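Presented below, as structure tokens, is a lone chain in the form predicted on its own.
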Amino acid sequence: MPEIDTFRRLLVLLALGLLSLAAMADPGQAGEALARQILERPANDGRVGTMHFELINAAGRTRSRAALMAHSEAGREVRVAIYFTAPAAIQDTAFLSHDRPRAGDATWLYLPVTERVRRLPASERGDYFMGTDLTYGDIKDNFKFRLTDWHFRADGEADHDGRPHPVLLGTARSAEIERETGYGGFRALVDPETWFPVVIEFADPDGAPLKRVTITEQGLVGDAWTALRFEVVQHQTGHTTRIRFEDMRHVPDLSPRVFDANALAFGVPRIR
């Protein structure tokens, strides 16, 4: 409805104005406020879709993969499950993540060739996920920045797709965080309507450009915005990963079996 669109635009302008005033007063506090907006954006209690991967190496050779993705967020607990369905060489490989502020994070990987579920230590969250340019940490964090990982600073605005976007800078809080994540810092352009960082430039621990993540399509699933298409370009290797979601839908009552580490070896779950 036009009235709702007008009201939303007014809210966006108000948010941008408040962020600009805060940034002039204290860029650090304004940066943390922006990071909290990203962290606290509305989320689904459950969503499911088919995840298509296109992996392109520096010579232009392309490989394709497909997986069932399920995501659930209740309160501060976030669960992500990815079950690969193609090609045959990696079919039934599964990844599972539970982020629990009180109980601690846990991540598992099931590889059919080993016939065992392996729990991944936090020190491996900077490792790359299944030949893509996304790390395990990227998959878990869902375009959000952990307050415990970064020192934040607001850095004004930049135009993107014809609109002003607040700029958020992040610097790793410690050498340990750099080792765990593989990142020394980042610069992100944040969509003020959805609070998604639509362009993120990551630097490695030495400060050299590492990779660029660009969200090319967002969509509403239920009442929450989500990324439907995005691209990751690895500057240092020339490799690119493109991801698109198909048939993304809101599923509020996902079975606990979908997010059960003990069930990963049983294959791709059926979700209606």
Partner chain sequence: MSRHPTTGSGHGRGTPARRVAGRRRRAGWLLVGTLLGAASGAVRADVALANRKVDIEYWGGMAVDSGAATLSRLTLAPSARLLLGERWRADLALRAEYAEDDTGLGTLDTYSHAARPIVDGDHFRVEVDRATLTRRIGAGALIVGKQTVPWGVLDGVQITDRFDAVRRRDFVLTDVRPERLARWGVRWQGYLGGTNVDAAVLADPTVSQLAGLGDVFSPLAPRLRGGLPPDAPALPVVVADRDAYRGDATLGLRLKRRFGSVEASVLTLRGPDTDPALRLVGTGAGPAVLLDYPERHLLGTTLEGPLGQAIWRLEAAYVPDQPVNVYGAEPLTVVERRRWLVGGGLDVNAPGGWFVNAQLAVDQIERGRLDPTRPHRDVVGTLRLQRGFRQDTVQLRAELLGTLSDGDGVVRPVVEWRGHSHLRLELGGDLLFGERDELFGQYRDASRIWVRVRFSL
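Residue numbers count along the first chain shown, from 1. Since the model is a prediction, treat every value here as computed from it, not as a measurement. In this text, the rigid core denotes the largest set of C-alpha atoms whose superposition between the two forms falls within 1.5 Å.
A second form of this protein, the form predicted in complex with the partner chain, is not displayed here; the remarks below concern that form.
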Pick from Ala33, Met69, Leu55, Leu228: which has a non-hydrogen atom within 4.5 Å of the partner chain in the model of the complex? Leu55
Since only the chain is shown here, I'm wondering whether Gly131 would be in contact with the partner chain in the model of the complex (any heavy atom pair within 4.5 Å). yes
Gly156: heavy atom within 4.5 Å of the partner chain in the model of the complex? no
Determine whether any heavy atom of Gln218 comes within 4.5 Å of a heavy atom of the partner chain in the model of the complex, and answer yes or no. no
Check Gln37 for me: does it contact the partner chain in the model of the complex (non-hydrogen atoms, 4.5 angstroms)? no
Segment that reaches the partner chain in the model of the complex - one of 160 to 168, 110 to 118, 187 to 195, 141 to 149, heavy atoms within 4.5 Å: 110 to 118
Within 4.5 Å of the partner chain in the model of the complex, which residues of 230 to 252 have a heavy atom? Give them in sequence order, or say none. His239, Thr240, Thr241
Honestly, after the rigid core fit, is Tyr183 moving at least 2 Å at Cα between the shown form and the other one? no
Would the C-alpha of Val251 be classed as shifted by 2 Å or more between the shown form and the other one after rigid-core alignment? no
Does the distance between the two CA positions of Leu111 reach 2 Å or more between the shown form and the other one, the core being superposed? yes
Just to spell it out: taking the C-alpha atom of Ser123 and the C-alpha atom of Leu68, is that distance smaller or larger in the model of the complex than in the structure shown here, given it changes by 3 Å or more? closer
Once you account for a change of 3 Å or more, let me know if Gly131 and Ser123 sit closer or farther in the model of the complex, using their C-alpha atoms. closer
